[in-house]
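Shown here is one chain on its own, the form predicted on its own, set out as structure tokens.
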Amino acid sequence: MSKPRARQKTATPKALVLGGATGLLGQALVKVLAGRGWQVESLGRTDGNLTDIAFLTRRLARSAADVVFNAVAWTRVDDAEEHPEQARLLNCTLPDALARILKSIGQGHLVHYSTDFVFSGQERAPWREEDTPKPASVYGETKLAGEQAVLGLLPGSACVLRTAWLFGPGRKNFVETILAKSRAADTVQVVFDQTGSPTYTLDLARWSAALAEKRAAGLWHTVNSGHANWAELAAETLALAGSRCQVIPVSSGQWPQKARRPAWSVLDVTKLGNSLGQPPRPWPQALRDYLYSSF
């Protein structure tokens, strides 16, 4: 009787997460990937000049990563209006360099993150991946240029994930800001005429890992199901936290900002849901998990 054949060991997948040490999304990616059995290495701006091609090439080659996750970006939307070149450096030049290096060394899959700000916000139906982008801000323009560079250079081995309105552990975010204000005042003013897709970073990290494990390519919308305006998100946050602070809805005109925000930037997640086998969970459920895990 022959002995049963020994099961071959599957090599542990390696991930390099840019922004993994300090970024809101990067920290979530490190936690989720490690929990799924990945070997994870972080690379951030404190480790060296990420826009230096020689430095970046050395680090990418040394990591021998199966998948590179780029969670580094210029996200200060209003500051981008006054510092367009700096925003372009991180939002376009860096992802372009990552794609070129990975293509030249023939190594690794790239997962890059983009934004709902690539859309004009003039429509009232959820934006699909195939809809035509029309950004209305420097931030949106530079992020669109970055995703186009990545997909143009690595059409079959890069995945661009558009996401929005992130909240989660590890760094300041809108939800934490609202909670802090509620502890200092009885009311808080929040705009009501901007509607989008609130997204939990740990959920986004899980979807990212699932798509990376499938080596998915192309453009994907990755947000929690449902939509809300900022005032609704603030109100739900305070209700779940048991706060008596009241949300006072105000228009964007009463809260002037340098960069124009899309009035409607809800993203359609049909494609993501089909890949996952079920729709992403609704944002209020994800928000509840986040808040209750923080208490």
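The first residue of the sequence shown is number 1, and the count goes up from there. None of these values were measured; they are calculated from a predicted model.
The form predicted together with a small molecule exists for this protein as well; it is not shown, and the discussion that follows is about that form.
This chain is drawn without the small molecule; in the model of the complex, the residue among L50, L238, L60, V266 with a heavy atom within 4.5 Å of it is L50. Just one of V160, L98, V72, A212 comes within 4.5 Å of the small molecule in the model of the complex, counting any heavy atom, and that one is V72. Figure note: of the listed segments 129-137, 146-154, 113-121, 185-193, the one touching the small molecule in the model of the complex, with heavy atoms no more than 4.5 Å away, is 113-121.
Three-residue candidate spot V30, A64 and R206; no residue lies within 4.5 angstroms of the small molecule in the model of the complex by any non-hydrogen atom.
For the chain shown alone, L24 is a contact residue for the small molecule in the model of the complex, at least one non-hydrogen atom being within 4.5 angstroms. Residue contact check for G19: one or more of its heavy atoms lie within 4.5 Å of the small molecule in the model of the complex. When contacts are judged by a 4.5 Å heavy atom cut-off, Y200 does not count as touching the small molecule in the model of the complex. When the small molecule is considered in the model of the complex, R45 lines it closely, a heavy atom lying within 4.5 Å.
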